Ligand code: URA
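Shown next as structure tokens: one chain only, the form predicted alone.
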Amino acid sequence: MMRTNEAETQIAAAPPLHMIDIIRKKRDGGALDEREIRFVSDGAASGSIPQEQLAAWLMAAWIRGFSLDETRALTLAMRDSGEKFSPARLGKTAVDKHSSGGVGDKTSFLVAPLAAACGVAVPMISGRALGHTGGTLDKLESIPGYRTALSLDEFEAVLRKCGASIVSQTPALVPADRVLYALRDRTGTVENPSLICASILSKKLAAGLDALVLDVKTGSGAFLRDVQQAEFLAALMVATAEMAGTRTVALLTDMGQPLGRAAGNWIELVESIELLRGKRPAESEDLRELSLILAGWMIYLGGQADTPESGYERAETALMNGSGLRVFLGMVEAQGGGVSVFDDAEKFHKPGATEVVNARESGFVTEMDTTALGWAVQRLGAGREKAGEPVDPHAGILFHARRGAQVERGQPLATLYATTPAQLAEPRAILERAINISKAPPDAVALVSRIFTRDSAEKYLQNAIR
């Protein structure tokens, strides 16, 4: 067995690393070791590696892929690239939820307060719009005064008071991911299982979570449309998080249509508040059901229910008795937001331009190209093309007919909300191409198609890499 001083001597004697060599190695299909991966992560965090080299490395990694060991090393290196948060002082089990990205995916606004209302601490570090998907932080910042950039001390104070807090990364928390996340969006390197895994889990693990529930999307609106790729991502994240000591489960869920009836920023919050107030519109039923399933798993993993099913029941009780709503509004107030804006949500909603898109024929809505619909939302003003660009809180799409609905010619399919009238034409054309109407109704699609726990994830990965 090598003595400590011998190991230190070998490390000290190791040749210096150069980013160009690491780029070439990955470009040519080589596997990077832990030292090389930490060099990239630390260089991204400190700014010592130029962005053009980071971009080249991302593209090489996207094309060549990562091994399981590389993925785990990158996740931990990014986790360790800055400060970490410890929720241990809260005296509760810390559990979070994360989605791999979707259109109209607003479950965070439901699951965080519902789980918190049932005794779980929910320290949620979220992101902004990426590609065709919306960003949780962009949506929350449509609430006047809401602060997503809290210090770690402020983050802890909100958690103590409300049980849940949804914030952005601090400058010191996982800085490597903040840099690489923005670059991926601008370099076409988003849709890679290992990069997605490392980005998501580095933030979650840095938050000191005891448990994590992952919502991995499948279907036309997912980053990874292929079911096998989505399954691999889910299993990869579960195995990686479990290896790091965080109890984790992943659910594969349908993104073959927008989740709920709203896709945008402010209008998604309005839909979420409606459900938290105990209302149950038919167009939001999938959002309600998925939120309760996810919250049920969070409550179960947080030790507040004996099974995920009894966790679901507790979450539904919190939804119907208003305790989830009270947590959400308390969190908004604690983070500087004005809750009175929800008293008359329609009055606050002031888009620059509005247009209703009608069905061109009669029949059943059979398919939705959800990725295309996500780009339509982005181009209405609700998303961004470059990092740091502002988003319009009032832009988005309200869907009046969802998959399986029978419509008549001339019946409204959706209402578009844009920043300016000039922004309506392209999204209208996208929407008309993205929604398919046929004479026969579509087959039903399961909302949750598969669940990975630690054992099933490890077994899946063993078979996948043979």
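Start at 1 with the first residue shown and count on from there. Please read all numbers here as calculations on a predicted model, not as lab measurements.
Not pictured, yet referred to below: the form predicted together with ligand URA.
> Does any heavy atom of Thr248 come within 4.5 Å of a heavy atom of ligand URA in the model of the complex?
Replying inline: Contact check for Thr248: no, nothing within 4.5 Å of ligand URA in the model of the complex.
> Can you check whether Ile196 is within 4.5 Å of ligand URA in the model of the complex, heavy atom basis?
Replying inline: Yes, Ile196 lies within 4.5 Å of ligand URA in the model of the complex.
> With the partner left out of view, is Ile200 within 4.5 angstroms of ligand URA in the model of the complex by any non-hydrogen atom?
Replying inline: Yes - in the model of the complex, heavy atoms of Ile200 and ligand URA come within 4.5 Å of each other.
>> I'd like to know if Ser100 sits close to ligand URA in the model of the complex, meaning any non-hydrogen atom pair within 4.5 angstroms.
In response: Yes, Ser100 lies within 4.5 Å of ligand URA in the model of the complex.
> With the partner removed from view, which of 150-158, 374-382, 358-366, 179-187 is the stretch that lies within 4.5 Å of ligand URA in the model of the complex, judged by heavy atom distances?
Replying inline: Selected range: 179-187.
> Among Phe342, Phe223, Phe232, Phe85, which has any heavy atom within 4.5 Å of ligand URA in the model of the complex?
Replying inline: Only one listed residue qualifies here, and that residue is Phe223.
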